[in-house]
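Single chain ahead, by itself, as C-alpha cells, in the form predicted alone.
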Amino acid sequence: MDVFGSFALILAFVCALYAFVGGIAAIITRHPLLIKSARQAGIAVCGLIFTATLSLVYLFFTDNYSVAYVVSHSNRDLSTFFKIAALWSGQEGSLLFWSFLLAVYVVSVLLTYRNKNGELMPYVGVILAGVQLFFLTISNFVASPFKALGVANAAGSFDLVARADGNGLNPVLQYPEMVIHPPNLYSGYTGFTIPFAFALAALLARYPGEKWIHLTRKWTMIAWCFQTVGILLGAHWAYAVLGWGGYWGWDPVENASLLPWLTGTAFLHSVMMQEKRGMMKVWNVWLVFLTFMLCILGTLLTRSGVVSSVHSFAQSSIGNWFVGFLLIILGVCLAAYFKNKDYLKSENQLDSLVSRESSFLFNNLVLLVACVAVLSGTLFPVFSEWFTGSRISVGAPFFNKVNIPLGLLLMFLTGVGPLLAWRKTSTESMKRNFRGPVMAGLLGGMIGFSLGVREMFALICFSLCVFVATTIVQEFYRGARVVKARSSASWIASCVDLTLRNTRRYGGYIVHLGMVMIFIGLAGQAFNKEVEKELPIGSTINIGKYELLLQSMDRKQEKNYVADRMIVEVMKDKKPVMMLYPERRNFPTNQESGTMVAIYSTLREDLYVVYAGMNPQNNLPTIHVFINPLVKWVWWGGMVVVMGTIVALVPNRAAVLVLARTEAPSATRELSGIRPAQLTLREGHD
C-alpha cells in the first residue's frame, strides 16, 4: 500500500503539472477541448490525492511498521480514534493532509462552476493547480510520507525492514480535540485559497464588476468559519491539556493562525463597501492576497522550526521551499496588480466620516494594525537574530499592551457600524440611534463598578459589550416590529422570519453577539487567581471561596499509558460541591508524560486543578489551582459565532423587496399614448 500511495502522489503531480501548463495554453488559445482537458486534469489531481491519503490512513490502521512515518507516529496500543490524528501529527503527513483538504475545495469549485463563468474559470483552474503543484512537489520530493524504513548493510546499500512496533503518538496530541482541531484549522488555511484564486483570476482576466466577490463570498465565509473553529478548539485544547491555566499565550503558532483570521475578517467587512458603493476595490483584492500569503506564512512558521513553539514541528530545511513559494506568490500578485490596476478604480468616494462606510474603513484599519503588531512581535526574534546575532523573544506583555486597546476600539466600532447610515448620517438620526445603546453601556459600566470591578480595561470592555449587545437587540427589535405589524406573529417568530429574509445581515449580527460573549470571557482574565502548594494526603488548599481536600491518590493502567491520579474533594462555603481527578500520564512507548486537567466550570468561573508532579526529595505531590472567571463565555461565544456564520450562509428565504418611488403619471401623458411609469421593485440589501 505504501508503493500504491507513493505512485498515486506521483501521478497527482503529473496531472497537476498538466493542469497548470495546459491551463495556461487554454487561456492563450481559448480552445474548448483544451479548457475541458485542463479542468478534467484538475479533478483527476484531487482524486489521486484522495487515494494517496486513504493509503496512508490504511497503513496506520493495519500497523504497517515498514513505513518510517507510521513508525514515528503510531504504535499497536494506540487507539483507533487517535490513529486518525496520527495522519497529521508529523511533518510529512500534515502536508499531505493539507493537499487532501485543498483537493476537497478544488474539486468542489471545479464541479460547481464547470459550465459557468467561462471567461474566469480557466484562470482559476491554473492558479489552483499551481498551488497544488507546490504542495505535491513537497510531498513527492522533499517530505514524502511513504518512505520505507531501511538499514544500511555491509555493501553500503539499504535493506528494507519492518519494526515490531512504533514509537507512539506525541502525548499532547492524545486528546479528543486534537482529532478535530487540526482539520478545522487546516480547512481554514486551505479554504482561503479559493477567494485568492478568484481574486487573482479576476484581476488577470479583467473580469467585469464585482462578480468574483459574489462567487467567492460563501467560500470565504466557510474558510473563515473553519479558521474560527480551529482557533477556538486549539485554545480549548491548550486550556484543558497543557496545564498552564490559560488558553491563549501568544505562542508563535497561535499567532500564525490568528493572522489570516484578522485579514479575512477585514475582507468580509470591507467587501460590503465594494458591493454597495463600488469602493475599496484595490483594498479588497490585496486583503485577499494578504490573507492567502499569511496562510502560507503560518504553514512556514509551523514547519520550519524558525520560531520556538509547543505546537511546531522540528527544525527542518522545508522552510526554504515555503519562502520561495511566498516570493513567487508576491511577485505574481504585484505583476498582476500593476498591469491591471486601472481595472480597480473606485466608482465612488467617501462622502462623510459619519457614515457606515467610514465605520467599515476604521474597522479594517484596526484589524490591519492588530495584524501588523502580531506579525512583528512573532517575527521579532528572527529579525533580532539576523541583525544582532542574538535571539530576543517578545512575550505576552507586549501583545497584550498593543492588542487590548485595539480590541476595545474594534468592539466599539462593532456597535457603531449598524447605527450609522450609508453615505452620511444626520445629527437627528445619530441622536435617535445612539441614545439607547450609549445609556445602556454607561449603565453597564456603573453596575460593574458597583460590583467591585476596578480594572480599567475590564470595566471599559464590559461597558462596550453592553453597548454592542444593546445595538444588536435594537436592530432585531426594529426589524421584527415591522414584521410583527404585518403578520401579527409572535416576537420570536417575527425575529426568525426577519433573519431568514436577510440572512447575511442578521447572521452577521449573531456573529457580533458571539464576539461580545467572547470579549466578556476575555475580560475575565483580569481577575484570575492561582496558588501552588505541595499537599500531603488529607491536607487542604484554599483559593477564593473554594477549599480543596486531597483525599487520596491512585494509579490506573490504560492500554497506552499509566496515569497517576489525585482524588480531590471540592468544597465551597464549607459545603461539598464535587470530586475532581487531575492526572499525570506516563507513556512508556516514547518515555514521555502529559497532564490531564480537572475543571469545575460554571458561567461565572472555572476552578482549574493541575497535578503538577511529585517532588522527588520529600515524595509529596504538587497541586496547582487556578480560578479563571468567565472562561465559559469564550467557548459559548464561539458557538454563537459559528451559528451566526451558518445563518449568514443560508440563502434568503424571500427577497427583501423595497418599493422604488416613481412619479404619478399625468392624465396628459396617458392620453398622448405614452405609457405611465411602472411600479418597480428592487432588492434591498446592506
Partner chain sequence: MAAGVLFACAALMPPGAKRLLADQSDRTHQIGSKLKCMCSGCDQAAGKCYHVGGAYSGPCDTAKTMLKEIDTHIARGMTDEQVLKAMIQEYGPLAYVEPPKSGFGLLAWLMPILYLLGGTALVIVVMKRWRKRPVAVVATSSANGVRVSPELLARAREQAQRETEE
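Residue numbers count along the first chain shown, from 1. Just so it is clear, the structure is predicted and the values come from calculations on it, not from any experiment.
From this point on, the text means the form predicted together with its partner chain, which you will not see here.
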Item to check | Whether 31, 133 and 148 all lie within 4.5 angstroms of its partner chain in the predicted bound form by heavy atom | outcome: no
Checklist entry - So, in the predicted bound form, is residue 565 in contact with its partner chain at a 4.5 angstroms heavy atom limit? => result no
Item to check | Partner proximity in the predicted bound form: residue 331 to its partner chain, non-hydrogen atom cutoff 4.5 Å | outcome: no
Checklist entry - Looking at the partner-bound form in the predicted bound form, is residue 500 within 4.5 Å of its partner chain by any heavy atom? => result no
Next on the checklist: Taking any heavy atom pair closer than or equal to 4.5 Å as contact, tell me whether residue 362 reaches its partner chain in the predicted bound form.
Outcome noted: yes
Next on the checklist: Quick check for you: of 476 to 484, 512 to 520, 335 to 343, 445 to 453, which stretch puts a non-hydrogen atom within 4.5 Å of its partner chain in the predicted bound form?
Outcome noted: 512 to 520
Checklist outcome for this item: Heavy atom within 4.5 Å of its partner chain in the predicted bound form, from candidates 589, 429, 170, 79, belongs to 170
Checklist outcome for this item: Contact with its partner chain in the predicted bound form, heavy atom within 4.5 Å, among 265, 302, 72, 470 goes to 265
Next on the checklist: If you apply a 4.5 angstroms heavy atom cut-off, which residues in 422 to 457 are near its partner chain in the predicted bound form?
Outcome noted: 422, 423, 455, 457
